[in-house]
Structure formats: structure tokens, C-alpha cells
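Starting off, we have a lone chain in the form predicted on its own, written out as C-alpha cells.
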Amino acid sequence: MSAAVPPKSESFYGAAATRIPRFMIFLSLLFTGAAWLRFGGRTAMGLACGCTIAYLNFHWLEQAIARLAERVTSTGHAPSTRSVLGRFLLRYLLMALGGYAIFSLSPGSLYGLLAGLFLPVAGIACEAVYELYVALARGV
């Protein structure tokens, strides 16, 4: 026995995939500005680069999952393990190269870069708080 999900709830929770990147953009701007004021330009630039890398990785991962699901549902066959693994490793290779470039230019910005890589966690946490608020306030 499965309970039917009301259409209002389904559309609200389905929109989380569009809200999370918006939270991530807002938080990256907020945190980069705060880091600039508190720690200076080098750390803020490292944070901005880390946020950019994290946002792109989140976006690419979301696209890869959508393509994989589309391919599996339309053809019934999963894509080759080699192509999936290659794209997965390419994303992390690009992130590592970006991190190395930032570290070699300014070792002080490494802390900002590492903090920026946690941007998806902050975006998902904001989404969870927002969903909790809406569930309690509106009963969705």
C-alpha cells in the first residue's frame, strides 16, 4: 500500500533541483564577500574559485545523472562503464588542476579553495531548512 502524494507537494519537492543551485550562487556571493572583508583578497579569491569548481562539479554531476537515467529508461541498457568512469575522472582531474593552479599561485588561498568546495553541502542544508519551514508553515 503506497500513499498518494498530493500534486502540490510533488511540485514543491520536485523544484528542489532548481532551488539548490540558486542557494549555492547566493551563498557563494555572500561567503566570498564576507571572506574578502575578514581575511583579504587572496582568501576570498580562493573561496570564489572553490565555489566555482564546486558549482560546476554539482552541475556536471546532475547532468550526468540525468543523462544516465534517460539512457537507461529509453533504451533499457546502461551506458558503458568506461564512458561513465572516464567522465567521472575527468571532472575530478579538472578540479585537481584548478586547485593546483590556485595553490601554486598563492598558497594562502588554499584555505579559501578548500572551504569553497563545501558549497554544495551548504546549498543542500539551506534547501533542507527551507523545506522544513514550508512543511511546518504551509503543511506541504
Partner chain sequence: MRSTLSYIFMTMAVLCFAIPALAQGGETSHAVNWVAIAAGFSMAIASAICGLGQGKATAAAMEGLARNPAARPGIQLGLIIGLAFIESLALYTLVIIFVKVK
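Numbering follows the first chain given and starts at 1. All values derive from a computational prediction rather than experimental measurement.
There is another form of this protein, the form predicted in complex with its partner chain, and it is not shown here; the text below is about that form.
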Open item on the list: Contact check in the model of the complex: N57, Y111 and I124 versus its partner chain, with a cutoff of 4.5 Å between any heavy atoms. Do all three pass?
Closed with: yes
- [ ] Sort through A34, L105, M95, L27 and report the residue having a heavy atom within 4.5 Å of its partner chain in the model of the complex.
- [x] M95
TODO: Report yes if any heavy atom of L132 sits within 4.5 Å of a heavy atom of its partner chain in the model of the complex; otherwise report no.
DONE: no
Open item on the list: Residue-level contact is defined here as any heavy atom of the residue lying within 4.5 Å of its partner chain in the model of the complex; does S83 satisfy this criterion?
Closed with: no
Task: Heavy atom of A66 within 4.5 Å of its partner chain in the model of the complex - done: yes
Task: Any non-hydrogen atom of R91 within 4.5 angstroms of its partner chain in the model of the complex - done: yes
